[in-house]
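What follows is one chain in structure tokens, specifically the form predicted alone.
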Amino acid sequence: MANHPYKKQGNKAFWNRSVSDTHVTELSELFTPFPDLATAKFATAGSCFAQHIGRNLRMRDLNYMDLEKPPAFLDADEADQLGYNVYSCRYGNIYTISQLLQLFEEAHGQRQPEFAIWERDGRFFDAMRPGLQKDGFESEEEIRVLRKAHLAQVKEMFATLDYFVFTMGLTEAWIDTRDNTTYPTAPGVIAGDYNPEHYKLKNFRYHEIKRDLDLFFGALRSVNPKAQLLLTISPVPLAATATQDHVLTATTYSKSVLRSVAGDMVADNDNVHYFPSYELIVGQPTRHMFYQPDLRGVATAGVQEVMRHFFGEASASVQSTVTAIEKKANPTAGYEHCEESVLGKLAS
């Protein structure tokens, strides 16, 4: 038989051997769990789906960083509603790389957003994390004090983590034209007021996202030389688009660009990794069975299957592991804080 370049490839390189002839729950070799999983310090951030990774790290009693714990007087449900126990710090959802880079810069005193407080019905909101407290705060000063304390914890997190797990979610964002601040949601959706003279839609392109991610990772390594970056892509479609495209094609654009950026970051950096949560939910082998009826929310079974690969658990052991985890879980742990989901409920 003639020699050819595929001769030494393993089964995972062939679609028929590793995909079409394999049940989705038996897929393997998509990710190799980190050898120091049991001891390394993990921090999480990103789009809504990132909440699942942090939640599962915590519930498996691994070294999950939580630098802003809820005060003792809050019960579990109250803490969840106020954004505690969601990410490693209370920054809310970080949908874009631009937002992540600006958070890092703000935590290190390198930038200060000029218009960081929004108002609604006499209440005040932190525009950098507007979903943090649903009813807002009584004063602007309260926001400033809380944000200063929050940024100190963010700075500590970046300096001491081993792995930063970031879920890339969107390419669309709203930018303040006066100081170029990137917001997690459009003004007027949760708080604030939309003024087209002050705010514009930005649909980030590949080169802009790659540039910002390079800048962020370089900055992270400058303060924490041991830090490694683990990228994932959220499998959750856009709730709405502010472009003139159909939301289906807008979603395809966003996810395709983000996946390309992630791939090149891994190719360019030894300390950047990719975890295929996106492929495990969206890929053909699942036949979309891991989505809720709205074709947007990810079903519990899908989350469990993704976590099986992340933690290197055998398929047969998944259900017993999940059952044990659920017994320890916060009863409201299935609730996902997601400012973007509000867009799907807006009246036209």
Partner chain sequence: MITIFGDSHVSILGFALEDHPNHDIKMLGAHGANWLDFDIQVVDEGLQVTAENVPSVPKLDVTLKPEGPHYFSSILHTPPYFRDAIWKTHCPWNIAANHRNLVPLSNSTLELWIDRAIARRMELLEMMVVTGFDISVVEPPKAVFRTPKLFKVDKDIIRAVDTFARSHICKRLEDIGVMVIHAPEETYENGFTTPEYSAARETDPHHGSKLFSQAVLNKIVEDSMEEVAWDQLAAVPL
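In this text the structure is predicted, and so the values were computed from the model without any measurement. Positions refer to the first chain, counted from 1.
Missing here is the form predicted together with the partner chain; even so, the following discussion is about that form.
- Among Thr249, Ser139, Thr177, Gln112, the residue placing a heavy atom within 4.5 Å of the partner chain in the predicted bound form is Ser139.
- The single contact residue among Asp268, Glu156, Glu78, Asp245, judged by any heavy atom lying within 4.5 Å of the partner chain in the predicted bound form, is Glu78.
- Here the chain stands alone, but in the predicted bound form its contact with the partner chain, taken as any heavy atom within 4.5 Å, falls in 143 to 151 among 256 to 264, 200 to 208, 143 to 151, 186 to 194.
- With a 4.5 Å cutoff on heavy atoms, Arg120 does not count as touching the partner chain in the predicted bound form; it lies far away.
- At a distance threshold of 4.5 angstroms between non-hydrogen atoms, Val223 is out of contact with the partner chain in the predicted bound form.
- At the 4.5 Å threshold, heavy atoms of Gln133 reach the partner chain in the predicted bound form.
- When contacts are judged by a 4.5 Å heavy atom cut-off, Pro71 counts as touching the partner chain in the predicted bound form.
- Residues of 84 to 99 placing a heavy atom within 4.5 Å of the partner chain in the predicted bound form: Tyr84 alone.
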